[in-house]
Structures are given as structure tokens and as C-alpha cells.
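What follows is a single chain, given as C-alpha cells, in the form predicted on its own.
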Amino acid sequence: MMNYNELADLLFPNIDKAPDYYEELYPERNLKEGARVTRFAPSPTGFLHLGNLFTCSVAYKTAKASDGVFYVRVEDTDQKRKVEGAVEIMLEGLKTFGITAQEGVMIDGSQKGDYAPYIQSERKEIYQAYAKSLVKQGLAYPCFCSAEDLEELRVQQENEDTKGYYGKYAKCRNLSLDDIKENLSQGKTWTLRLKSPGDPDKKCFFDDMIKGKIEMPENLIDVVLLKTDGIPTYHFAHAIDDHLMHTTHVIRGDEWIASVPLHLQLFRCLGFKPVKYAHVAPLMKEENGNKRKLSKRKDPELAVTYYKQEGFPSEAVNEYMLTIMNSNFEDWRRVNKDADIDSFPFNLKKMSVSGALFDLVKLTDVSKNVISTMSAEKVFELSSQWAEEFCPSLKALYDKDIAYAIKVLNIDRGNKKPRKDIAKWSDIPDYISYMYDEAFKADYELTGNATPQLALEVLRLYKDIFDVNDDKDTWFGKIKDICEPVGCTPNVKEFKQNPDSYKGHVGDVSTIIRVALTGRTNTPDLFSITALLGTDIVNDRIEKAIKHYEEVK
């Protein structure tokens, strides 16, 4: 008969604390009923991508919507793959999108909160205390199998439906205490394995918060709980950490669904109340009529840095992500046009079961809407920050005259129906280029009824009557006055009724002036543009346009 207490002391002679000690050290959280505790638990082995951000945002909103807690725990048990600075970069990326943890590991590397340490490599003794307790209960045992033994096992199981260390294949499961002592005396390394109570004839049932009820076979595998260096595997560590930190909802990618039977089994063996799981489907992309997962290799938009480099404001990315997170968000937004996004009642059950379709075109449209509601000052501030890092030429234009730059960005802003020309900050250099002589590129291509001959007549008259001090009505009145002398009508409706009687209408006259001053046929308010450009620049550009049309006439 195995003496499990003796075995536990033999394996963990330096562990003198029992689980009860940690249960008392980390008491229940003092939160209102229904408050949810979620976490972001990155491994310091990579960098933030859109999938991480999406899943993390779901966890953050789940906690926030319930007045709960969102914390950061670093899962660094795989020290070989650790990348220095990876966690800090990830947390900076989350902060850009308004996601900041209330407790856990902070951006500066410090730890804040009553459930520290929040770094798994600093919790080794905690895991070993629970491991020792499992050994005492006969629920875990040391395994001395070498890499060669495990490879031999894999060969034996080639034709088996269930593969892994279990049942008759679990060579060390039933070692006697004397056998174990002999192995230890020989200096053999060991891992600690769970003695799985799984039954091949039983099923594991659980209610996923996104996907609904799921049925799977129970876990049969005697998984490794502690590696040879005493460091826990992810499976064992996450169960203990989520219990002691009183996590209520674990939100993660649906590639983890296969692990749920094991994780629920671990919670049960450890005597813990299990967390609730919500498995987020991967972001999808439509290609040639078919859906596929976003790919790091194929899709630059999967990298969070893409949005920073392109200059998509974080507010726009957050707004768009909610449209694909919750099916009712767009209806809510139509009713609550000016509401803070955080007031939206986010609900896990409104998420897509099969995977949200990520659409860069729709993100662009959402971003245009978001930017169109910003003040000129905010557009300047955010785009200036972007330009400092990614577009020195725009920053140089801004720095010449900040007040002027803000006035340029304010054209047609604040109207009942503001223009939506800017989707991202990288659009601005081209969008405002005609407002700066050093960036202006003349283009005299005309549209509509305008011809080079008509343009010549219009510009010669406009040059003589333009006055930068005119108000808008006076300015437009003068444009109307030009129409008749050049054979156009100031009335568009009249032109449509008798198109053969006129060379064009007031819209064509305005287009000619617009093209001369901006090189474009479509711009924001032309009066505001001319007023800001000023007399010298307006006259100079008109003279150059006249010269051009004289040459091509």
C-alpha cells in the first residue's frame, strides 16, 4: 500500500505550506454580485496582433460591463522562448486602444494588486504546494520516463485512437514507493503527472459563454503538471492562478476548446470551483467568395502595428471591433450617436460563434465617420503625434504655422453633415497638400461642361473681382455674376431645361476656379479654401492656370 504522505515529503521536502495557507492569503474579492473578473495572460514570447487585441478587448469589456476587474498575468513558464520586452510592448499596444488593467503586471514592469505575484515564474512554491497536496491525495505521481521512452510510446500508439500517456501506456503510474526511491537514488529526473480519473465511457459537458453547450470525451491522459525543473505546465498553472486570483471568466481563442475537459478535470481534482469559459472564434477574411482565417504571412492588417503606421485612430479601431464583436452594436450606435463607446452593454452571448469577418473596407468607413465627428484641434493633435513618428514632411508643414494647420483641418468640420475625406492620418498629407505651396501639385484636368476656352474666360474675370475680404454670400454672388458674360447660367435648373442655350452653369464656373486653386474637382468648401490661401497665392495660381489654358487652347 502506497504511503502518499511519505511520497509527497520525498518529492517536495522543502515545501512546508499547504494549500490552506494560500487560500487564506488570497481571499475572495469584495465585488458586487455578478461582477466578472477577467484577465489578459500573455506569454512573453511574441508581440501583439489583431487576434490578441480582439480577444483581450472582449475580456476587458466583459469585466467593465459588469463593474468587475480586468488584470494582467504573465505566463512565462516557457523561459526558453522568452523575448525581452515583449510584455511591455504588448501592454503599450493595449494602452493605445484604451485597454488598461486595474491590477497585475503594469507597463513599467511593476505589479499592482492583492493577488501578487502576477508573474508565473515567481509563483513556483505556490504550484508545488498544490502539487504536493495532489500527491498526498494519490492524484499525482512522479514519472521517470526518458525522451526515448516517450518516443517508443508514440510508436506503439500509431494505430490507437487515443494517443498519450494513459492506462496501460502509463509506465510509471503504478510504481511502488520503493521503485520511486530507487529511481531517485539513481539521480533520475522526474516530471509530476496527474493521475487522471477520466473514464473512456463518460463525457465532459460544459456551457461555453459564446458557443453554448458542448459535449466532449473526458480527459484520459496523465498530463505533466510539473516539468523536470519543478516549473508547472500551462494547464496546471492556469488552474491554480485563476482560482487564487478569483477569475470568473476565462476568455481565449477557440483553439483551446480541446483542452477544456482536462482543465475542468484539474479544477475538480484540485477541489476548485471551475471558471466559466468563453472561446472566441478567430477573425476571418473573405477571399474569392470564401472565408479564411487572417494570416500573419498573407495579411499585413493582422499586425497591430499596421494600424499605428497607417494612422487609424484607436477610437475608430475600437468602434469597428465592436461592430464585429456584438451583433447589436450598430443598432445601438444609431440610437446613441454621441454616446461613449464604454456605455454600450457588451454581451458575450451576442458574439459570432463561427468567427467574425474582418473587413478593412468597413473599418475605413467606420474610421471616416469617427474622424468626421472630431474637432479640428483633436484631429491636429492626433495626426501631429502620428506625423512625428511616421511622416516628417507633414510634421514640418504643421510646425510652420499650427494655427493655420488647425484652420485647414477645420474646413467643413462641425457641420450637420461633415465631410468624410479622412479615414486615417496617412490620408492627410494628400488631403491638405493644395493648402501649402510647397506641397501643391497643379492639375488642370477639367470635368463637366468646362473646356480650356471657358476656363480662360472665367479665370480672367475672376482674377479681377476676387477679394479675400468678401463674405461668403458676396463671394458666391460674384461667381454668379461671371456666368452670363462667359455664356453660362447661374441657375443649374435652367441649364438642365435648356442645355443647348448655355456653355455651362454656375457649378462648372466654380469647378474651373476649384481646379485652378487646388488641382482637384472635388474639395471641401471652396470659399473657406480661398479665404485661407489668401490673395497672393490665389492670384499666383490663377495666373499659372491662365497661362496653362492659353497654351492648350
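Just so it is clear, the model here is predicted, and its values are computed rather than measured. In this text, residue numbers run from 1 along the sequence as written.
If you look for the form predicted together with glutamic acid, you will not find it shown, but the lines that follow are about it.
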{"item": "Accessibility of shown form to glutamic acid in the predicted bound form, site-C-alpha superposition, 2.4 Å backbone/C-beta rule", "value": "open"}
{"item": "Contacting member of 299, 359, 319, 75, with respect to glutamic acid in the predicted bound form [4.5 Å, heavy atom]", "value": "75"}
{"item": "Heavy atom within 4.5 Å of glutamic acid in the predicted bound form - the one residue of 235, 252, 227, 285 that qualifies", "value": "252"}
{"item": "Close approach of residue 504 to glutamic acid in the predicted bound form, 4.5 Å, heavy atom", "value": "no"}
{"item": "is_contact(residue 332, glutamic acid) in the predicted bound form, heavy atom dist at most 4.5 Å", "value": "no"}
{"item": "Non-hydrogen atom contact residue 43 with glutamic acid in the predicted bound form at 4.5 angstroms", "value": "yes"}
{"item": "Distance check, residue 256 to glutamic acid in the predicted bound form, heavy atom within 4.5 Å", "value": "yes"}
{"item": "In the predicted bound form, segment of 244-252, 473-481, 142-150, 339-347 with a heavy atom within 4.5 Å of glutamic acid", "value": "244-252"}
